[in-house]
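One chain comes next, on its own, written as structure tokens: the form predicted on its own.
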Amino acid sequence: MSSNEQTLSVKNLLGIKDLTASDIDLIFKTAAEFKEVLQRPIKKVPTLRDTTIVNLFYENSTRTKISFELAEKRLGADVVNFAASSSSLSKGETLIDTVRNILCMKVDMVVMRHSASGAPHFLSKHIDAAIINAGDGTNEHPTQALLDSFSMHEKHGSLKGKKVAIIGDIAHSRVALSNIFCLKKLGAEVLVAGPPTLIPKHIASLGVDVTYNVNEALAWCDIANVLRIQLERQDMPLFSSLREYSLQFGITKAMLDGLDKEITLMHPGPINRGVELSSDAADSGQSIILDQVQNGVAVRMAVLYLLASGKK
């Protein structure tokens, strides 16, 4: 890889908050090279041979886990999958016990997803392996934001001055926070939209605009990144019903066709079809949702490769 002359300014990827614009640019350049590799008949680049990576998932996530596992195997790493539900955690093992076991196994990298905000940060203070945050509570999901911004960059070029609307359940979404940090570092303008009950009161302090009107958001933006309603993270009902939400904030192909411009439509998945997006909108020519899935492997390969290079 030609990008190996440069390294990231961090030794772990705990959040976008910790990255510089130069770090993001390096990840994008490296991901573009890996994406080229993934088009070849032989898709492996054994740059992480003899590197052991543990996927430590305390929370279910089929898509993110498969994407990381594919990225790791494409790089030739030795992969160990650790699922909390089938592990000794169900017998009362604590995170610090897990840490000690990882240290004994001489693991080089850990990809961690946890329902508690700050869990990967805790892990990074206790082990020498490189930690990649695959989502912690309602805090951050850095690789999702990187693949989202990479997909936007691929479609639109520089994001400087581009108008990006993040629409949906902002309050419970770690994707929203990481996206805001990433887009602001790349010079984009950001607007969040959704019901007042799903938008945090402090959000404007992050340098974003707020609207409670989805049509206003669509008319303003170049790119709409629509988020899933996170019912599993809501302690109490925050809107009357999914049908009511869909009527007020759901996006349809007719709404996109009614705009005086063409906007790009995104969604980190999985989509609640008929709730935040209608099927004809999700499957329309304006959607780059499948590109996001494909780009996820290349971006995660780039992150793994660059962090491993920084440890050598």
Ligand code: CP
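The first residue of the sequence shown is number 1, and the count goes up from there. Keep in mind that what you see is a predicted model, and the values were worked out from it rather than measured.
There is also a form predicted in complex with phosphoric acid mono(formamide)ester; it is not shown, and the following applies to it.
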Inset, instruction - State yes or no: in the predicted bound form, is some non-hydrogen atom of Gln39 no more than 4.5 angstroms from a non-hydrogen atom of phosphoric acid mono(formamide)ester? - result: no
Inset, instruction - Flag Gly250 as yes or no: does it have a non-hydrogen atom within 4.5 angstroms of any non-hydrogen atom of phosphoric acid mono(formamide)ester in the predicted bound form? - result: no
Inset, instruction - Answer with yes or no whether Thr98 is in contact with phosphoric acid mono(formamide)ester in the predicted bound form, where contact means some heavy atom within 4.5 Å. - result: no
Inset, instruction - Using the partner position in the predicted bound form, report whether Thr30 sits within 4.5 Å of phosphoric acid mono(formamide)ester, counting heavy atoms only. - result: no
Legend entry - 4.5 Å heavy atom contact with phosphoric acid mono(formamide)ester in the predicted bound form for all of Thr64, Arg113 and Pro270: yes
Inset, instruction - Given that the partner is absent here, state which listed stretch (262 to 270, 45 to 53, 277 to 285, 30 to 38) has heavy atoms within 4.5 Å of phosphoric acid mono(formamide)ester in the predicted bound form. - result: 262 to 270
Legend entry - Partner-contacting position among Ser151, Gln144, Ser173, Asn225 - heavy atom within 4.5 Å of phosphoric acid mono(formamide)ester in the predicted bound form: Gln144
